[in-house]
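Below, in structure tokens: the form predicted on its own, a single chain.
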């Protein structure tokens, strides 16, 4: 429910979420190194957290307002602030108690522009935290993702298989070439180092593994391995366990978009952990997107 009339000193946002672990999982998925800064943007539609690395890799976590049991938004425009992603995740972990259901309240800004966290229904104690925020730096690049043509160049593969394939392709300092070809429908991951390693996902051979494929012409681009690995290195166990699917799309100029879905369903629901991505209610899903620039244009 959104406040229609804001009080003069009302915070921009007061919201509550009843599955802190789901929020931790979503944010941890974009935490690919120890020290990372993030930019958080608030709106009447929810929260968006953005992180990036050297202008070549950008990730976004979308936490829609439907994920929250309370969402009181009273700001004008879309406030933005910067913070330490690691500190934010570590603080959230403090509020996630295994085997217990708890609700977390998030408020911004506090008296000194802090992000305020408070447990709402923890029995016997109240956990409280303040995270210092800062004026956000300008995002260094605009991914401006556009389709590569009239037919999308995309495929959906089981997240566990995607992570395993990328892990297996590691060569120090190497690049990974991703090739899509329409006939026969196939996705190829190929790395070069002290030798060559190639992994093929054949669409017709194993439709359960590669369960969607769109491509009308052959295309190939190379991506730095460390950036490609960041898209799957911290996928939460729930995504792997539920055998969810990840969607990869190649856009104009070779920009690669990798999309994951993370459940933020209330864990007190005994069915929440066994519902797959295809049947999970959309309002209880956090959307994660990575954008990678190609290392070089190797379009064939």
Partner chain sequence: MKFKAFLIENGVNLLERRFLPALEKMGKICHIFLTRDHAIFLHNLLNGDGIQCIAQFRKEALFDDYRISSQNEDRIAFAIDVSLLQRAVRSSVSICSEFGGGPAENRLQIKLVKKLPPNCTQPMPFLTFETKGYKSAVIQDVPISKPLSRAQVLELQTALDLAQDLPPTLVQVPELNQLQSFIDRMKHIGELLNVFISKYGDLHVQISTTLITLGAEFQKLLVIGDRAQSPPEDHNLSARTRSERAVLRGDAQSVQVSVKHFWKSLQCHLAKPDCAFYGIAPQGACLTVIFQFFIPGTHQIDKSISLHCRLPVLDPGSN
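Numbering follows the first chain given and starts at 1. Values in this document were obtained by computation on a predicted structure and should not be read as measured data.
Only in words, not in the display: the form predicted together with the partner chain, which the text now covers.
Put simply, of 217, 132, 229, 190 only one has a heavy atom within 4.5 Å of the partner chain in the predicted complex, and it is 132. The contact with the partner chain in the predicted complex, taken as any heavy atom within 4.5 Å, belongs to 96 out of 96, 107, 74, 211. The stretch from 182-190, 147-155, 196-204, 87-95 that comes within 4.5 Å of the partner chain in the predicted complex, counting heavy atoms only, is 87-95. The partner chain is not drawn, but in the predicted complex it has no heavy atom within 4.5 Å of residue 113. In the predicted complex, residue 171 stays away from the partner chain, with no heavy atom inside 4.5 Å. Not displayed here, the partner chain is kept clear of residue 120 by more than 4.5 Å at the level of heavy atoms in the predicted complex.
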